[in-house]
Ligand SMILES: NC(=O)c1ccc[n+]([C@@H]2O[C@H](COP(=O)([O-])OP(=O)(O)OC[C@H]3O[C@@H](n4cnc5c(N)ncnc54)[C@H](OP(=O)(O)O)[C@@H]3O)[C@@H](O)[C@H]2O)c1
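Let's start with one chain on its own, the form predicted on its own, as C-alpha cells.
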C-alpha cells in the first residue's frame, strides 16, 4: 500500500489567525520552525521559545513578508528556573495564549545518563518535565484565552511492539538505579508525554482548553546529530535511503498544526494524533490517524497518568492540582 501523508485541509490552512498568540518550543529548526512559519503565515503572533536566542532570530529572518508577527524568547527546558523566568516574562507582556506547541525534545546519546542542573535525566527532563512545568505555569493564561490548545510532541517509539511496550518507571523516573539505554529512556519520556496529555485533558474538561499528544512523522531534522561516532556514521549511511520513507519538516509539522488549528481536533481532547509512518512496528498504525489509537496500553492507563502527574508536581516543585498552594 502506498503511503499517504496526512495534511491540513484548505479550510484550516486558510484560517485567519490575526490577534492570536502562540508559543512554539524548539522553534529555531526542524518541525518547530515549520510549525512557526505556518502560524505566522496565517497571521498569528508566535513566540519562538528557544535555548539559543541567536539561532531563533536567525531562523525568524525567513519569515520576512509573512502576514503575522514573531518574537524570540529564551527558554532552556533543561533548567527549571529558565522555564519559570520564561513564563514570568511572557505573562508580563502577553495577556492571552491561544496555542502552546511543546515541540522541543532530545535523546541523550551517551552511554551514561546525563543530568540537568536540577538532577533530572536529560532526555525526560527536556522532553517531559520541562514542558510539564511550562504548561502548568501557563494554565491560567490558557484558561483565560479559551478556546485554546496545547499540543505536546511524542514519538512513534512510545508505541514499541507487541513484544515490548514501553512504560514509565514511576519508582525511578530519572534513571538513577537502572542500566541506562538511550532509546529506552527516550521511549519512556514519550510515553510520559502521552499520559500527561490524557491526564491534563481530563483535568481541563469543560474549561475550553483542549490537549493533544502527537507523532509528527519521521522528520528530516538534525535529531540525533549529537550522538557518538558510530551513531553519526550509521545515520549518515541511512540518510539517502531514509529520504524515500521520511518526511520533510513541513510535512512533519502538519500534525502539530492540525492539533492547534483544526475544528475537528478540538472534539478529541486527550487523544493521540499521528502522521503516517513506516516506523510503527504495528502495521495497522502505519497510515497514522487524526486521531489514532495508540497500540501501547501503558500509554492509556489513567491510573498511571494520574500518579505520574502527582509525582511530576513534586519533581518540579509545584503543589499538586488538588492541594492549596
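Values in this document were obtained by computation on a predicted structure and should not be read as measured data. Residue numbers count along the first chain shown, from 1.
One more form of this protein, predicted in complex with the named molecule, exists but is not displayed; see below.
With the partner omitted here, the stretch from 263-271, 47-55, 296-304, 283-291 that lies within 4.5 Å of the named molecule by heavy atoms in the predicted bound form is 47-55. Checked against the named molecule in the predicted bound form, the residues 87, 219, 173, 204 give one hit for a heavy atom within 4.5 Å, which is 219. This chain appears without its partner; in the predicted bound form, the one residue of 200, 253, 142, 75 with a heavy atom within 4.5 Å of the named molecule is 75. Although the partner is absent here, residue 213 is not a contact residue: none of its heavy atoms lies within 4.5 angstroms of the named molecule in the predicted bound form.
Not displayed here, the named molecule is approached by residue 30 to within 4.5 Å at the level of heavy atoms in the predicted bound form. Contact annotation for residue 126: at least one heavy atom lies within 4.5 Å of the named molecule in the predicted bound form.
The shortest heavy atom separation between residue 153 and the named molecule in the predicted bound form is within 4.5 Å. Within 4.5 angstroms of the named molecule in the predicted bound form, the stretch 180-209 places a non-hydrogen atom from each of 186, 190, taken in sequence order.
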